[in-house]
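Below you will find one chain, with nothing else, as structure tokens; this is the form predicted alone, and questions on how it binds or moves follow later.
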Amino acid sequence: MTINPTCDRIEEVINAYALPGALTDRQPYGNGHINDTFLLTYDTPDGGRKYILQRMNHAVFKKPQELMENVCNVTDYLRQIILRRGGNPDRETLNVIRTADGGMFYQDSAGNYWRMFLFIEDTICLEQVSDVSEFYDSAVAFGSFQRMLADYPADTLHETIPNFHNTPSRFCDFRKAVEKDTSGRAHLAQREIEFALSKEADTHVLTDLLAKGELPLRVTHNDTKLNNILFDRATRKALCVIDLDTVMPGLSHYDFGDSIRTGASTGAEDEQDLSKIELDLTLYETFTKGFLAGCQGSLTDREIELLPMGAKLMTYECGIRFLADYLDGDVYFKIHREGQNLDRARTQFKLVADMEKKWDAMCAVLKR
């Protein structure tokens, strides 16, 4: 067995699950930045099984019990939907492994919170699109996630991170960061600050419509990056939406918008040459088609009409979060060089500005 003990009390945790068979390998797994993740391999009479074991970061997710209630309730619901459709729920959704005493998670003797999932074999995770069909398939997967959960009572879910995609709240936080200027950097970002402040009227468009009942509350993933989908290794087709830590009540525009922000930009999130940053309309149309195909009519006409606003607002919101963190002294987003969060903010604002230039074309895609 290869042992890489990077977390205290991991043996205690493994024993709390009382899994069948003999543990033959334990390895750190993946490249996530939030949770500590391990792949466990067991030798069993039926040929062996693998599991994902994670130590949850309770500095980020301050109420692990509520988070796991969301994950368990949503995945149990998805499992029943997939079974009714004749699918394979062991591969098409996450499956939480219960502790020996039936718990959704385990709290070790040091106060750390752990959870376990069934490992989904013969899958790959993509960090970037190598073929436009992969982006389309990711869109279908996220749209299907919306469709399968369309009748789930979203208001029964906990907010794992309060106001995560509440753009007016994020704007208030940004304004406070400008006023405090903790790091003394505001003079280096005046153009970006002025741009962000000029968009205040946009920030409450979606939340106002939600409050009026013109947009329905949905179960949303809230972190719809390409690498949060498992693709079947053989077929290269999207198979399973993963990383459900931020599943909570929200708007369909959050999931659509964040995918466009990350997947339809022509440059890296921290690109310093802003001439390389624009909205790729071909990728935008590809994702829109796939997302609506996956939703299969579960969205209202008003929701569909406002999908471009979701793309713009999620991009803008991320931009003001990067900029606020830069002004606060880079305390939230990890940086690898000086000014990286300011560069990140600049790319998001450039993308917002390009969306505004291409607004008619973005809306025309939906009409088509």
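In this text, residue numbers run from 1 along the sequence as written. Just so it is clear, the structure is predicted and the values come from calculations on it, not from any experiment.
The protein also exists as the form predicted together with a small molecule; that form is not presented, and the subsequent description refers to it.
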Review point. Quick one: in the model of the complex, does every one of 261, 318 and 333 get a heavy atom within 4.5 Å of the small molecule?
Key: yes
Point to revise | residue 246: touches the small molecule in the model of the complex, heavy atom cutoff 4.5 angstroms | key: yes
Review point. Is there a heavy atom of residue 322 lying 4.5 Å or less from a heavy atom of the small molecule in the model of the complex?
Key: yes
Review point. Should residue 166 be classed as touching the small molecule in the model of the complex when contacts are defined as heavy atoms within 4.5 Å?
Key: no
Point to revise | Any non-hydrogen atom of residue 161 within 4.5 angstroms of the small molecule in the model of the complex | key: yes
Exercise for review: Let me know the one among 285, 271, 223, 173 whose heavy atoms come within 4.5 Å of the small molecule in the model of the complex, would you?
Suggested key: 223
Review point. Pick from 151-159, 182-190, 277-285, 225-233: which stretch has non-hydrogen atoms within 4.5 Å of the small molecule in the model of the complex?
Key: 225-233
